[in-house]
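Quick setup: the structure tokens below cover two forms of a single protein chain, split into structure 1 and structure 2.
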Structure 1
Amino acid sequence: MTDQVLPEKVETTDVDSAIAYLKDKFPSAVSDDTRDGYSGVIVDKNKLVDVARAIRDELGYNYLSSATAVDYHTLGEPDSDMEMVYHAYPITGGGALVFKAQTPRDNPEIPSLVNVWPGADFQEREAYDLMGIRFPGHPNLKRILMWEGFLGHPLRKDWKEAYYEEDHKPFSSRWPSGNVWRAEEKNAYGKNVRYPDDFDLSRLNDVSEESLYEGLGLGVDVQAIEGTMHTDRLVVNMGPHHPSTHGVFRMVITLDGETIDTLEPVMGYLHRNHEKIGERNTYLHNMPFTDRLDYLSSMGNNLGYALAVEQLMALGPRWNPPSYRAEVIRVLMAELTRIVNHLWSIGFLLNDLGAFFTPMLYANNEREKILDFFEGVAGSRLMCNYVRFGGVFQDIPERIHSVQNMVNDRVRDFDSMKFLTELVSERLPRFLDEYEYYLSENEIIKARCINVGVLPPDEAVGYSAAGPLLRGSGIPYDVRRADPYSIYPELDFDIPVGERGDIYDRYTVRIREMRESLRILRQLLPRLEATKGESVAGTNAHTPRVPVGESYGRVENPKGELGFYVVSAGDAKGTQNPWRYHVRAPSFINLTPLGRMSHKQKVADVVTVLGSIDIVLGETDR
């Protein structure tokens, strides 16, 4: 999988010791990042691969969580540097070693780290696609979210969309004058799309498919296959219209008979440049946009983003951390979200196996009870927009009410704490017992899942897998324990892991994680009672001026590590809009090993392998 050679390991006690070791070993290539509010080291790109190997093999930071591209154009000179920011962690737990490589903007090139961490594969392709940074040594460098004929790199600071108005919101046409006009009114239909200069629309010939197939190294003439089938090897497209690929995801599969030889995920059908929108918005504007990422886990999305911005706000003089009650409520919502997600995930996994709808709807009946609670507290069932900087939107109400919109509507009216107590102490545990009774020993499920889609533990780490995909391979890595946040350090819970790294292990990990979430929730109930009356609103939460610097906020979301890399720059008084806003999306990165997991499997199993990863395309494509 990798070229990993294990030299003698260096004993380091903390990140500072690791940085000191790197500076001593590579004195001319590694230097401190001395910018205000920044951390980590800057590495000479010509030595990046050597330094990365030392970080992985000698210092034990063997898990590359995130690789983020940043464009600093207009902050300095017109040809100012572009930057790749890497966050590496020890899989045994601990904080991040942040290292960066810079490159001139007029000819951006940074060596690929795929041979060190295979998990850099899709992340480097994303940086190439959206920022235009080339990565010599990458085995398959091509666009991943945009099509090959797209003009430009849409996350660069000088790139303007067709309906561009201004760099930041609120737009002056909306506020404060209120003389509203929209960019669409000034762009004639048919003139809102730009093409490369050498692109002749009258002679359109899309070659992106040929480029895709060539990149697979199939050894098959795809054009010839369309006319004559004189080969035992066959290229099959599953999706984007396949029901189990959500209508916006595709797998290009090479088959040898019924056996999968190669598989490449093709995504981007739902890409909407979420991060560019995030850099246009004010900090608070972004909170409801995080709901639209993994729309089954909006509470967790809110929390991850809030933690990133709060790290920056803590650099200022007026920061007040969330109250204890606010932290309890945040964890309460995050753990309920984990159950919501896993119920849906397991239901659809069974759907992919062929048990159409019944297991999914059975689980969804319990999921709806949690959504009733979300609606009563946040006002919304799916996209909750609930967390605020320094707190939450509002406290848990005394009673959960619903409104009668039609004559026969059933109106809910429950005591909130009684409803919550009965849910986590009786109803959900009873349901999980019953659900496991029907599923876990089912001979069809075991035959279709055991030893299928195996991901070995060393490869799971190398591919930057996260969540149940990583823990199903036997790696007990969970951000709540490895790099704790909020009040998780004081809570008692275990980290479930699998044994074989197959589909069945990923299923059982999710079942056991729901039981651990219930264990956490039962510990929160007395804390909620003890903190009644305590404020939950954040100070300066709505229009914060965020100090200059960088931050990386991450949470253990149901699908794995969700991270937000945020840069606040350009205004010594504190910015109101992020300079860089990047989402480390577990649904996106967890697809990196899909081809490896599907190799030598049967074509009938590929949808189940995909289902066991548990992706949401809103988060994958962003």
Structure 2
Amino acid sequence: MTDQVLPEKVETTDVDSAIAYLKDKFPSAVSDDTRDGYSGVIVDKNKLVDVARAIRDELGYNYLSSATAVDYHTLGEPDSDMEMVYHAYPITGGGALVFKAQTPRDNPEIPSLVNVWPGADFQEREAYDLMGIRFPGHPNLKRILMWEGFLGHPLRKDWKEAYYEEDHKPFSSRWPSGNVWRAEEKNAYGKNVRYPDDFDLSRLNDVSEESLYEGLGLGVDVQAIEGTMHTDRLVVNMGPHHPSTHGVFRMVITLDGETIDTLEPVMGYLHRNHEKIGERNTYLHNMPFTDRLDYLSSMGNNLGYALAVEQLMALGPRWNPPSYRAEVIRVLMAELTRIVNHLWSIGFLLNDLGAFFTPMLYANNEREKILDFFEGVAGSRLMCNYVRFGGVFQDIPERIHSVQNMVNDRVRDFDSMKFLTELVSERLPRFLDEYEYYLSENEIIKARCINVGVLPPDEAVGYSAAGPLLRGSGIPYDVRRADPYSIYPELDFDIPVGERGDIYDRYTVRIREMRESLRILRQLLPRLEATKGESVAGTNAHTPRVPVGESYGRVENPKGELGFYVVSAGDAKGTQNPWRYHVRAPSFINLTPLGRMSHKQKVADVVTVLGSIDIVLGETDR
């Protein structure tokens, strides 16, 4: 275990005194956020960069977890109804310093924080793309999820899509006179499309690719390129259809010979409007949608979302916190999910290295065992939809047995506790031993991974990297310890960290994290036995009352810190839907340093670097 490496040795102050310090230093620019249910400070946008520097350097809140925009159209003050919300944390652990900058809606403009935190890069581009806020000072303010040339900024409250039906679910056309129709039938094109009223086909121009290259400084002037590119400088597009991009991800790479000069991630190929749909859904509706974020670790996503909403619900009356057994089951599922995810990600990392499918198939065998358990307990292999507000769906059944239904069905029946015990104490440790035995010392893996794709610790913090990527760089930051939730404080486990910050370290961190997860699981088994019979049910209301306010719930998901920023407008709009629902996706933000890590690497290594970040596109693009 290495020593804790920190970028700057700053005394961290607690949140209250930090706010007092800021108000003292910038008396005219910083004021308390006094809205009901809100916390933190509101910063004058003209002073934002200075305040952010003070927060980072003087107060020690040097880790920008999340930066997102909220559109308070018709809800807030007219001259400040768009807002950027930043959550900064000290990397040594502790609570968040929330600061906000407001801007009028008709000309939204907020200075960019990229120079303070490079990790704000993609998040600001996302805010520009979906909300239309401009960030002066941002080096490459282009659309990131939608294509350049798309009409409008879809997350604005007054933007309506082609299949728009109503502002809030449940839709009134479904009941009581719900004669079925397909949304296609209402659209003149039979498709989910909508064009501007002054649409001129003669001036139709697909600019999505051109402006992408322009944004990369490559230009579109072919003649100019021909004139200047004498040597073998080459632009290579990897993806969106590529076997090692882990989904529909694309990288535009400029090569100098075989060495990478610049790399620009291009995403949005799986942007399925999670947040827009999430703001239309009720709080409960969003639960199964979170399954589809990081579809390899759905239980962890459920937990993060439940925590965010429970924070708000706890402010209201009649709130029953989850029972102890419910918490134990939640942690059990979260840790099993971590193992599932790491098995998969290491398998695919080795796939990218050229060990085509063998380690992945071995890992998948074990994964299937855990999925069997998920299927028996939650009902589905992948999309578990298991956590509820204040509890879980149902208790773990005594026996997990299947029932003969189809022709040729073969039945299995096993005791769930026995299954779990054997899995945790025998099968998985044995498998991990074997996995490490034949992979960790492999010379090819070492040669390909050590000192490749290095991310130094201070940059990892600056880029807001999270999860194994951050810990591989030697920063022992884990939300389970830094900002504990559920029953993690009473559990005994270590935070593995790497030394060099290269691919091999991320690989070993994952392996050791699986071992730590097994350690946690072994501690959970007696707790499960002891709490047998305790109720685990959550609130039985399908539209729970959620008080006005904001909350940011975060969990340490296998891929890194997963946060949910939820703003509740309460009954202000007559319905119980989140006003803003934002996902701080680790896969998305972890891609920010990809260009930095791939710089001056060989082109063959870029798939490995990407594999070591371990992204899932459902979460990256949302």
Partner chain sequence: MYGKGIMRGLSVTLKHFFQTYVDDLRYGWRKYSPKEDNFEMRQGMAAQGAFTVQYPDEKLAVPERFRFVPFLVVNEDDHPEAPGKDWCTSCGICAKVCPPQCIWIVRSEDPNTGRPIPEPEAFFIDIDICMNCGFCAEFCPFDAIKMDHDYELASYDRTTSHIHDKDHLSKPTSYWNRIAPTRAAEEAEARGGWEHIDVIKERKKAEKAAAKAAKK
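Definition used throughout: the rigid core is the maximal C-alpha set that superposes within 1.5 Å between two forms. Each residue is numbered by where it sits in the sequence of structure 1, with counting from 1. This structure is a prediction, so every number in the text was calculated from the model and none was measured.
Of the two forms shown, structure 2 is the one predicted together with the partner chain. Comparing the forms between structures 1 and 2, the C-alpha position of A162 differs by less than 2 angstroms, with the core used for superposition. With the core held fixed between structures 1 and 2, A530 has its Cα displaced by under 2 Å. Relative to the superposed rigid core, G178 undergoes a CA displacement of at least 2 Å between structures 1 and 2.
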